[in-house]
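Alright, here's a single protein chain in two forms, structure 1 and structure 2, each given by itself as structure tokens.
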Structure 1
């Protein structure tokens, strides 16, 4: 077996002294190690005090997530040799969660948020019979809507790399919202959609900045960012009225009318208040100062827009 030399740069935290620091561990190890095996090697041979959490070693229990080279993932699933950059692998605990010791974080705050979205099925009596003698049928088409999302192992890699949490610590979080979507999409669930949507409104779907880091992090190929857009769609379709849903409505109408969004009127249309109006007015002044004519303030339909509109109508029909 081939041995390779590199440095494991690990972020340590000592809860007794409250000290946090980076420590370099030069290693010469087999090139076949996972990051988790690398950590076990270091604990075994170099520093017995190094602390991390792991259990299944096969990407299923969800306990070994950490941030490696700035990107969150499961340490038992990632090959160490793929992570060497300029001779170094950087390993740190998941972000946005309190560190207990070294690479171990306290998952409780994220679970507390998880509980807020009712992360369980409330059987719909019309769909789920109470007698064990009859079945509760789910068609393959119905299941396809949330099949992927049921693979979530609650590893929190997405949570530990989420940008929305960087700006707003009350944000519910990616896996929490993916789970909310999963139950809305489940044909057996008996909770009203409006009620489920209410659970994800407060510091939920509208705080997400669509950075896509949760897609990059998830070891199961789940796409929380895209589920969040679905939740926003459902919120809009179920009659929610807020800047987000208004933005979505105007956005589509603008694109239908001209092919482009009308950034001039978007603030007043989306916010629908004095602040929004003021923003639109400010833009107007900016345009005038630049010597633009009124017809240049917003987009104009391009040649052949009628054809485009037919195309868009067909797309919408297909989408339904």
Structure 2
């Protein structure tokens, strides 16, 4: 079997000193190793103190998720040789979660958010019989609506890749919202759709930035970003007066009037008094730090806005 030489550059963390640092491990190993097998080799042959989490080694349990060359994924599924760049492979713990030691992260903050969305079926008595001798039937068409979402193994690779969490640690996260969609789509669930939507609105569906990083990270091919868009549609159709629908109306009105998004008035129009005032205060500090005067905070119509408005009207008419 062919052997290759390269450097495994691993981001380590010492909980005693609270020190985070990179350490290089030169290796000469078989070219068939997965990233997890590479880590096991280093632990067995070079440094027994290296700490990481792994169980099934079959891309089923989801415990070995980590960041490899800047992208989150399952280390047991990824071939190490495919990730070598300039003779180096970089391995670090999942982002957005506290590091316990080396490549092991504390998953509790993400699971605490998970609990908020009620990730379980509340049986609808009209669909789920009381008797254990009777079946709760689901048609193939119904199951197809959430079939893929049931493949989620809670590995948190999507969570570790999410750009929305970069600026808002309270954001629920991709896998949490995918699971919320899974139960909304389940015809056996007895919780009102409006109630489930309310569970995912605060720091949830309207905060997703649609970066699509969760799609790239998921080892099971699930698409949380698309589930979030569907949840937004459900929220709109359910008649909820929420920040997302108000923000969408505000954006369209602003773009139609000036050709630009009015960031200055957005908070008060979308989020109401208390939250809106706090966000407006932060915006004012940001604008003044950039040297803007108060009259420059809001956008002004650009030249040729009339032609742009005619174009928007035509698009709206075609969509009707």
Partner chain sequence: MGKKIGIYPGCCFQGADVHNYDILVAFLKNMDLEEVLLDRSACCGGGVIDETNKLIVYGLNARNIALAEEAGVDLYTPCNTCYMIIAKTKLALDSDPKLKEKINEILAEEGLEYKGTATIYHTLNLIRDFIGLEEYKSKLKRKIEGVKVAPYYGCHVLAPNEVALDDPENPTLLKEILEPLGVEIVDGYKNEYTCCGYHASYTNPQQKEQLAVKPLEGAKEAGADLVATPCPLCHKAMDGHDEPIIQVLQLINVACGMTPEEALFHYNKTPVNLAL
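Between two forms, the rigid core is defined as the largest C-alpha subset superposing within 1.5 Å. Computed from a predicted structure; not experimentally measured. Positions refer to the first chain, counted from 1.
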item	value
Pair member that is the form predicted alone	2
C-alpha of residue 17 off by 2 Å or more between the two structures on rigid core	no
Residue 287 C-alpha relocation of at least 2 Å between the two structures, rigid core basis	yes
C-alpha positional change at residue 302 between the two structures - rigid core reference, Å	20.4
